[in-house]
Every structure is written in structure tokens, then in C-alpha cells.
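Before any questions on binding or motion, here is one chain by itself as C-alpha cells, the form predicted alone.
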């Protein structure tokens, strides 16, 4: 069930604990020992069949440099980074993590609604499986060189995209959104050629590697690839493994277990989507190979945060024509992706109806949870008090008046008793000029009067209501222009702004008056700037 109040567990940050060095932890490989591996060990692009992964090797970087380390994530794990030199070797791919054999995972996927066949980890390598606090954490290097799934690409990543993934992974966690984590950001010392907008003019960029972590990197496409090939044996092995290690509460695998497994994945995915809509996050590339079986936000490419409220907006230039992955369509795409997962699991269930019933519940559950979330954002915590029309009209007005979503909801999380005070919030949050904005003042006044009549029905004290609103309406999010400023500095070997953003995004719901400059609308210069408004999958 969705919990709207955000609660981050900082217990390891606030008490004395005996820290163990990260490199002192012994690997406890599950995935690579229990599932079938590719028998070919040579690294060249190829079709990999009847295997969940291929053993591969990281490419030794020319001159690895640790740019940033997530001290917060390490502290939450209760792990110390006590030997930075040795740590950099492992986190850059220059050295292996003890005797662990790195591997790249095999999966397929639907991309922009079309089956793409085998995809796999083209530039990601799992370098460790570590038992920490009762969980088996997989560490994965993104950008450490080619694998059998690279499809002719080089397997590397650039500093630009690596900074975006590093910052956003940790920002999303602190917003209370399920996500993969980012442990470190390393520059490789190598140059990587990229065509950022696919214009036919590639240029050399600085290479970099993010070490990301999750309990599992299994995706919807991990199951799809076996289903598409009619490999029921491998499909069952992977599903049974997933249930054994990640859904243990479901019990021994059988038909009913598979249905409960699918229902759980649907629920986790729905919770993630509701959180995305709550904070205005747009993923940008919701292909089935980018959908985590654990309901984690995964693969940070051309993402963005809604600024002037436009449900039709997508940050992905590749999607600019059809806008399949636009903000207002994310819940529908998630259902479409879940349907592809249901198709993949069908051979184990052998009945359409129970799978379809689960998918049907997604739609009804979404509308209930979405309405509850939207009502809570405006301080109506008895969702039945707020009519669907009240929420719908608000969204329409936000769009017509080009209202900055983050600023509006945060400024609305105050004691506002009259329309004059409310109108000041609208003026502060709008990207329109005064004349254009005032054309809609009567509609806004009508909405406010309807809202205030509903608010009077709420049996919650004003102070408690404001506190609850501020716990779900963040003050600080990673706007694209902020990330781009950090990228610009980092490319000049200045990491001060990167660290500043990392720190402000650790506490996105706090006031942080010393960081007030980041609570601001997108500057005019960023509206059409590459990296701020126009983003691609090139990284």
C-alpha cells in the first residue's frame, strides 16, 4: 500500500556502529552461481541463448580519479571506505573485487512499443554481490567497457551522463522514491566519442563510470527474452530464482505463486509511478528493459522534472514526435509494460484470465491512489472530500498558467487563508508574464473558493496539515539546468557544485535557507539549451 508520508531511515547515521570496510566484505554470489551462464567467454557482440548472463571483463582505465563518493549511502549500509586508493581501483574497473568474476546480464525488451530482441548489459558489469545488513547488494559498474551485449558500441559512458545518473539516483532515494543507488562517480582518464543529439557531429568527451547498487538488476526484459525464444526452461529457472531471493514471502514456486509474484510486481510498479507523478519526475525511456522487477527507478538517461506544468512534456528528443513517454502517459505505459511481462509469464500460468484480472486492478487502483496523492498535495487528507473535478480543474489551470510544479506545491504548503495570498503563490510560480497570467485570474479565484470550501471539511489542525504537505511536496529537485551547471564545472575539473547539489538533494523536504538559490524557476537561458531541455539517450 502506498505510504504518502516520506520517511527515510537514517538510523545508521545517528548512532555509534562498528563500521566494516567495503573491501573487507566477502562476496556472496547468488545470481552468477545459481543461474545458467553463457559458455562462451570471449567478448564480442553475439546472440546469447539459454543463459541469464555472460562472464566478461572490465577495461582498465587510463587514469582513474574518484570524483565523488556517496558517504550517505555508505553510512546507511554501515560500511566504511577506509582505503580510497584500493577502492578507486575496484570502482573504476582497474581491479577486480577479490576473486569475483564480473558478468553482464542478458535481457531483451520492447523499445518505444516495438520488440527489439536481445539487448542486455551493453556497458554495465556486475562486479560484486555483497551480503550487507541481511540483503545481497549487487554492485554494478556502468561504463566499464564492452560486453557481448554491446551490439557494436564501445561499452563506455561519459562524464556528462554519469553525473546525471549519480546525482539523480541519490536524489530520488532522498525523495522517498524506490530507486537503484549510486555509490561512486569515477573519471577514467579516457576520451569517449559521442554524438549528443545524433546530428552526425560526434565529439570526444571525458569518460566516467558510475558504480550503482541494488538488490537486483533483473528487468521485465529479463523474462521477455526467454519467452520470445520459447525457452520455458530458462524462464522458469529465472522466475523461481527471483521468487526465492527477492519474493521469499510468496513461498515455493507453483502456479498460484507465479500469480502472487506478478501481483506484487504490479503493486510495486504502481507505487513507483505514483511517486513519479507526485514529484513531477519524467523517466524519458520507459522501455521494458528499463523496468525493474523490484519496482525500482532504473537507468537514468534523458530524464527530467516537470517545471512549467505540461503533461505532454517528455525530456527525450528521440520521443519528441510521438511523446510516448510524456509525463501524463507514464501510468499507461507502465500498464502496457506490465502487460508484456504478463505475456512473458503466461507459459508458467497457462491461463489468461487471472493475469488479466491483475492488470485490470492496476487501472482501478491507480485512479484511487492517484486521486489520494493529488488531494494530499493540496492538503486534503480525506481524499473523498476532494472531487475528481477539483483535481482535474487544478491540473488544467496549472497547465494554462505555465506554473512551476515544484514551487507551486511547496509554496501552497503554508497557511493560506485568502485568495490574495494564494494569487501571490501563482505569480511566484508562473512562467507567464503578468498580462497573460491575469487573463486567468477569475478561473483561479473560482477554483480557490471551491478548494477552500473543501478544506473546511478537513478534521486536521493547520500546523499538522502544513507539516504533512511539506513531507510530500519537496522544496528541492534535480532540475536539468542544475545538473548541467555541475557538468559544465566538472568538465573543467571543478567538482564543488557537484558536491553542493549532492548535499542539498540529501534533504529535499527541508527548508535549507543556505540553499535557497536552488528553490527557483528554470532560468530563461536553460529553456532551449542542450542538456537542460533537449536530452538524448547518447551517453
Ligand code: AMP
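Residue numbers count along the first chain shown, from 1. All values reported here derive from a predicted model rather than from experimental measurement.
Beyond the structure shown, there is the form predicted together with adenosine monophosphate, which is absent from this document and is the topic of what follows.
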query: The unique member of 327, 262, 107, 409 whose heavy atoms fall within 4.5 Å of adenosine monophosphate in the predicted complex; finding: 107
query: Proximity to adenosine monophosphate in the predicted complex, single hit among 170, 129, 299, 404 (heavy atom within 4.5 Å); finding: 299
query: Close approach of residue 372 to adenosine monophosphate in the predicted complex, 4.5 Å, heavy atom; finding: no
query: Interface membership of residue 319, adenosine monophosphate in the predicted complex, 4.5 Å heavy atom rule; finding: no
query: Residue 267, heavy atom within 4.5 angstroms of adenosine monophosphate in the predicted complex; finding: no
query: Touches adenosine monophosphate in the predicted complex: residue 123 (any heavy atom, 4.5 Å); finding: yes
query: Non-hydrogen atom within 4.5 angstroms of adenosine monophosphate in the predicted complex for each of 150, 153 and 156; finding: yes
query: Listed range touching adenosine monophosphate, judged in the predicted complex by heavy atoms within 4.5 Å, from 442 to 450, 287 to 295, 422 to 430, 248 to 256; finding: 287 to 295
query: Sequence-ordered residues of 188 to 220 touching adenosine monophosphate in the predicted complex, heavy atom within 4.5 Å; finding: 194
